[in-house]
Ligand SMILES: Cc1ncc(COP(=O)(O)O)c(C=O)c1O
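What follows is one chain in structure tokens, specifically the form predicted on its own.
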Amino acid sequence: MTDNIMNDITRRGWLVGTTAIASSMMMARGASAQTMINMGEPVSKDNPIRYTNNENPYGINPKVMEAIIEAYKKAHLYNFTTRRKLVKIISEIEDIPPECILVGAGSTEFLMATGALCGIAGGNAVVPYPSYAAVTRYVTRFGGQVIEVPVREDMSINLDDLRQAMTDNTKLVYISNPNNPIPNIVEKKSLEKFCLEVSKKAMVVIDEAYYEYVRNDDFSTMAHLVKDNPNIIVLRTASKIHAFANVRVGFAFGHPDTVKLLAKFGSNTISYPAQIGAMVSYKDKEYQKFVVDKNYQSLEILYKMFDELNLPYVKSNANFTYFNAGRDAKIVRDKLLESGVLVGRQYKAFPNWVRISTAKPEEMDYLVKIYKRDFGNI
């Protein structure tokens, strides 16, 4: 049965890209992106479909890819003006002054910079747990301490808990909004109040890696706060919706003085082709809407399975979801991998919960078939 499913899903379009893209007006030229590690090869344990790293399964916008390839013709030349053009585009989109925007190779270098500043100062960082752990690694690497604040029983980040965990030596408070691996959000008014209050005592970093995916009236970016508040930083990345995971483009929004401080850690690592690609990608709202629409279509496929199997789950504000499998997540991960389904790792706080990144709808159908076969009647 498994072989038939694998063969069927392989026939349905791995070699030439998804029919959903091919049939859409904006993507009439098609795309070759696949969610499998090796394109065109059968789904297997050694070549699984990736439901694990919160990637964009459709790949880079074909128009953007053309721009990147064309840019490589000039990649042997130094260019000192493209960054300013990219900043201007982001400034107009976000309504933030250009002097409040710093461009980097993904948001990781800014997580490193803020973590390093905290560690070098000998301070501690207050972070929810579980959450994205990059900043905590850099805090400890540079000599600081990390105070992990568990999410509540309903898996929400509680701002009062973060406040209470702060000490006189707290230099950094980090919040991923939406959170990861738990794709919930912090209510916008409460978060704004928290940022304004806590930034008087410590640097507040709001990581908005999944900002573009959110369709929730209770959510808002905190980018509007940075211009007048030196201790508030908002991070964005092109790795997710723009599919730049290995192209590396990211942004830090901050007060001009803060931007200058972060720039000392090095923000000249982004390549000319990456900058050109970002300029095209951020202006193409149609492609972004396509990706988000497909994301929610894929989420609904998962929600239907969770409801049918009576599995608790978190309604997502991102391109992944989190559900309680009712058994050790490592066992679930290993079993699914046998059929070419690669899901997220286990988090110690919730050993029975599994994170699943969204893929194309037809790939989600495949995951559902495999999961129901392996665990639906157990």
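Small disclaimer: the values here were computed from a predicted structure and weren't measured. Counting begins at 1, following the sequence as shown.
Note that the form predicted in complex with this ligand isn't included here; everything after this is about it.
Asks: Would you check, heavy atoms only and a 4.5 Å threshold, whether residue 111 touches this ligand in the predicted bound form?
Replies: Contact check for residue 111: yes, within 4.5 Å of this ligand in the predicted bound form.
Asks: Give a yes/no on whether residue 295 approaches this ligand to within 4.5 Å in the predicted bound form, heavy atoms considered.
Replies: Contact with this ligand, no.
Asks: Give a yes/no on whether residue 255 approaches this ligand to within 4.5 Å in the predicted bound form, heavy atoms considered.
Replies: No, no contact at 4.5 Å.
Asks: According to a 4.5 angstroms non-hydrogen atom cut-off, is residue 107 in contact with this ligand in the predicted bound form?
Replies: Yes, residue 107 lies within 4.5 Å of this ligand in the predicted bound form.
Asks: Please tell me which of 290, 132, 194, 282 lies within 4.5 Å of this ligand in the predicted bound form, judged by heavy atoms.
Replies: After the contact test, the surviving option is 132.
Asks: Looking at 220, 180, 82, 136, which has any heavy atom no more than 4.5 Å from this ligand in the predicted bound form?
Replies: Contact check passes for 180.
Asks: Does every residue of 50, 304 and 313 put a non-hydrogen atom within 4.5 angstroms of this ligand in the predicted bound form?
Replies: No, none of the three is in contact.
Asks: Out of the stretches listed (171 to 179, 93 to 101, 155 to 163, 223 to 231), which one is close to this ligand in the predicted bound form, meaning heavy atoms within 4.5 Å?
Replies: Among the listed stretches, the partner-contacting one is 171 to 179.
Asks: Is any part of 219 to 248 within 4.5 angstroms of this ligand in the predicted bound form by a non-hydrogen atom, and which residues would that be?
Replies: The stretch touches the partner through 237, 239, 240, 248.
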